[in-house]
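Before any questions on binding or motion, here is one chain by itself as structure tokens, the form predicted alone.
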Amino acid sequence: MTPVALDKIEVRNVFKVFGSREKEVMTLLREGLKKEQVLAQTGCVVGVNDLSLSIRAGEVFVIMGLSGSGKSTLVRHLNRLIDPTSGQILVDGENILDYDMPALRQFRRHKISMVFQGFGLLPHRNVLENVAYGLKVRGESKGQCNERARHWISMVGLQGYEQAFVQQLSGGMRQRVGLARALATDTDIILMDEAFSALDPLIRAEMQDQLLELQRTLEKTIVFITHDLDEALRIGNRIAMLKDGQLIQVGTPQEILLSPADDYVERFVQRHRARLI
């Protein structure tokens, strides 16, 4: 019998409550109270509310929603920058919530990397050192670090800037450094949290093009957070729509556009349609 391929990432019934009355909030949520009602009654914020989804290996999976929808909270669960109040996070079939600190460090160094909205670069290091940083932490030799770093600096179009420091670079160039650093570690999964949102529209489009071009050959599993439907439709193989910490709809760009699940999703796609007319 042919083995059934596992999803790369599975999120199972994840809740995240911010505040000191977690047990009370969990009871209220299971009784059906909404985020605003819980906040008014307990003073606690519901970041993620009983959310389940799966992400396939090799796809660009976009998570989007308005501010406060839970998209950034959710993505930080995937590398355990945040631990859920309840639920499971499986990567390659393993519940990463069971990892102790040594296992978690290995997971972060070898399987998953992240590109931040604010670039997350080290200002006292040059471009080459920033891109090589993850490899250095992993314990690779200086020669290996520099070789791989130079390769990815070239791949993102920054050849010649290896010795430049962060403050000498434009916003778009800094974002390319962040992307090169994530790619250099050659992890299976790349998390991108509003990675291009701080960029000017033309540079943002260039970065989207570059990401798609790289993905054609790399076939990484990319989880991309955005609040911009145009960006989601352009780069996503599938899109998850979040509202108030809950999953509203998952589908291909065409499914989201043509068959919105409710009025919330419909409002997103209406604005997109209006721009096309």
Ligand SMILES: Nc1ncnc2c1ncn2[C@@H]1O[C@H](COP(=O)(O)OP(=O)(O)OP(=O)(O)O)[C@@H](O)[C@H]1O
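Just count from 1 along the sequence shown to find any residue number. In this text the structure is predicted, and so the values were computed from the model without any measurement.
The form predicted in complex with the ligand is left out here; the points below concern that form.
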Subject >> Proximity to the ligand in the predicted bound form, single hit among 218, 233, 66, 26 (heavy atom within 4.5 Å) >> reply: 66
Original post:
So which of 45, 248, 57, 214 gets a non-hydrogen atom within 4.5 Å of the ligand in the predicted bound form?
Top reply: 45
Original post:
Is there any non-hydrogen atom of residue 227 lying within 4.5 Å of the ligand in the predicted bound form?
Top reply: yes
Original post:
Are any of the heavy atoms in residue 113 no more than 4.5 Å from a heavy atom of the ligand in the predicted bound form?
Top reply: no
Original post:
Can residue 194 be called a contact residue for the ligand in the predicted bound form at 4.5 Å between heavy atoms?
Top reply: yes
Original post:
Is residue 73 one of the residues lying within 4.5 Å of the ligand in the predicted bound form, judged by heavy atom distances?
Top reply: yes
**OP:** Given that the partner is absent here, state which listed stretch (233 to 241, 248 to 256, 205 to 213, 45 to 53) has heavy atoms within 4.5 Å of the ligand in the predicted bound form.
**Re:** 45 to 53
